[in-house]
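Quick heads-up: the structure tokens below are two forms of one chain, split into structure 1 and structure 2.
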Structure 1
Amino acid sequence: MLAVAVLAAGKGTRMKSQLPKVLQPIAGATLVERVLTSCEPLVPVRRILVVGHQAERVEASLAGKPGLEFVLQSPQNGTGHAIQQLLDPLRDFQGELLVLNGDVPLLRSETLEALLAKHRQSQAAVTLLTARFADPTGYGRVFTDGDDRVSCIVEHRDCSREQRLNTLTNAGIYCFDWQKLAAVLPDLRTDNDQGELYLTDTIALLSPACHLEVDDLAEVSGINDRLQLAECEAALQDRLRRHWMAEGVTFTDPASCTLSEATRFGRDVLVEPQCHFRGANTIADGCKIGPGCLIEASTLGEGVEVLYSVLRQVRVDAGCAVGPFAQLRAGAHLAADCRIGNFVEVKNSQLGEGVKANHLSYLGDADIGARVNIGAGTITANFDGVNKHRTVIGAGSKTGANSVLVAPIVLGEAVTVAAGSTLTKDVPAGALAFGRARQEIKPDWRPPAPAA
């Protein structure tokens, strides 16, 4: 039986942030979410989060995750003190306790599985993940005897100069025999530089203690400050881009693009430089994105092309072309083969198949039928200062340049709106609507003489 405990009570002083450290995001997910996700494939019977600093905020951020137990550590007197808080909740538990630092976010599930396998096979009291960092500053150092058994861990700040030369470091990921750990937890002492109870001090009290060395340093990198946050973000971005390249996505300048884990790409998608994908996106086969796009929580059908544009919470069906310099906002749905051109903004609107809005328009709260041609500078005036109203335009209609459609308003099918019109009344199908001052001509006009 396996239980998992994630340490997430610390303040994260070195981040210098209002946000608890474990709630800092990388690639759109918080550190603690990532740690929890990494242990999901091991199907633990208990999942416990030790919370303390801003506990309510940390708990609230995980409200959507069922089956999590929260244990309060107050005050936060070190990682050993954090695990002491489990003595009561895990009173009757028998089996392994996997302890994960909440600030080590890039760990792979496969590595945790390997740790568990090694622990079981060597029948150890504890097995921990180690790594060799070229610069292990800040990490606890792991000391082994000749047989590769771990004898103790000494925190960086408690190391002698000689001990600091040891580059074998503690990743902060441990698999304990819970009963054996529980027996030594009360023996921890605060005789160290920080005056805290260190979980790492239990290692010297447990035998045999084994370790599993990891090659991929990114996996075991802890985040204590903004520099390490940026380094982990970069490592994760690299991982995501490599994954999608292996799945058939072309990036012309991969390093200039950022992805979220919840973005899914089809085959033969081309991503040009400076494109950013956030939240849960689905980008179907053959899309061409960029250069210069931000796409968030959106669904793009096959062969969609987007150039220098911002799309958020929208659905764009197959064959549409968007941009350059368009903004599609929440609730925009473009049916197949629409064209949205420069300086066009679409919000909370349904566009039928083949709608064209090529220049300088605002389409908000509108239902636009198939093949409608939106003339340059057409504006749906959807807001009366208090409420938003809808504009309906029937299939096959055309609006002239600089039309203002004052909502609520309904234009039937195949309506033509004359250029420069401001319309405030519904227009029946097939009609031509003018709403502008009639042009007058003064023939042989002589300009006034200059003043004397």
Structure 2
Amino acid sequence: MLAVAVLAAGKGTRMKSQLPKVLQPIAGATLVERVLTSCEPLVPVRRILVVGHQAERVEASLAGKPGLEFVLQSPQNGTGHAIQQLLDPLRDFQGELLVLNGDVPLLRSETLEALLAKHRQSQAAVTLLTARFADPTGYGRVFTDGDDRVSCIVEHRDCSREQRLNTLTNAGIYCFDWQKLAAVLPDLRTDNDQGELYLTDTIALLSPACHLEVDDLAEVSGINDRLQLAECEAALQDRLRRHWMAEGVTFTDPASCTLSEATRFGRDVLVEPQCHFRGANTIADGCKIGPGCLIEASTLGEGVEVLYSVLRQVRVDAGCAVGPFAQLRAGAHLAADCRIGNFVEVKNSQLGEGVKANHLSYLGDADIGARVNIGAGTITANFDGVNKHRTVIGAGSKTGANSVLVAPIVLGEAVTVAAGSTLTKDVPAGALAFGRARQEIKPDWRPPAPAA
């Protein structure tokens, strides 16, 4: 059996943020969420977060993830002290304990699977991930005696000058035989430079101890400040773009685009420069996105084209064209082959197949039938100062330029609204509706002279 413990108690002082370090976002998810996701394929029977700084806030952020256990570390007196807090919750547990850090978000599931496999194959008491850095300053050094066997780990600040020449470092990821670890945890001492209980000190107390060296150093990159957060974001974005390009997506300028890990692309999608995807998106085959688009938590059907526009929490069916400079807001649904043009905003509205709104319109809280043509400047006036009301426009209707439809209002099928009209009453099918003052002309008119 496998249990996972994620260390998430630290303050993250160098982040200079009111947000706990493990809740800092990267590519649409928090650091700790990414760590938890990385171990899901291992199917652990227990998942425990060791929390401390702003513990309630960390727990609340993960309320939607069932089966998590939280253990409080207070005060925070080192990694060894953190794992000591598991002695009671895991007193009856027998199996492996995988220890992860909540601020190491790029670790791949495949690497954790390899670590667990090596641990079981070698029948080690502990197996740890290691990494070899050209400049290992700040990292604990791992000392081995051949055959991947580890003799001890010495923290950088406790290393002698000769020991610091060793470039094999501790990545802080461990797989323990829990029963053997539990037996030595009470023996940890604080006789070190920081006066803390180090989990690394258990390595010298456990035998055999093995290590697995990672190939991709980015996987074990921890985050302590905003610069490292940005570097990890860049590494993850590059990983995501490379994955989708291998799956048949074209990015004409990859470095200018950012993705969320929850975005899914079909084949033959073209993403132009400066496009950004947030949340869980589905982009179907043959879509063309950009330049200059933001797509968030939306679903786009096959062959949709979006240009210089913002789409948030919307559904756009096959063959639609959006933009330039359009905004589709939450609850908008465009049926197939709609056309939404420049400076058109659609909010919480259902547009039937083939609707066209090409210029300067606001369509809010509306149900619009198939093949309706929305004239330039048409507005559904949906708010009476207290409540929102819906506008219904029947199939095949047309609104003239600068029309205002004051909701609640229903226009039947094949209605024509004259340009410049303000309508406040329902219109039956097939009618022509006017709602404007009669034009008057005063010939030879001159403005009055200004007062002396």
Ligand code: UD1
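Rigid core here is just the name for the largest C-alpha set that superposes within 1.5 Å across the two forms. When a residue number appears, read it as a position in the sequence of structure 1, where counting begins at 1. From a predicted model like this one, the values you see are computed outputs, not experimental measurements.
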*Just one question: which structure is the form predicted in complex with the ligand?*
1
*Aligning on the rigid core, do we see the C-alpha of residue 323 shift 2 angstroms or more between the two structures?*
no
_Is_shifted residue 16 between the two structures (CA, 2 Å cut-off, rigid core)_ = no
*Fitting the rigid core first, would the Cα of residue 286 be found 2 Å or more away between the two structures?*
no
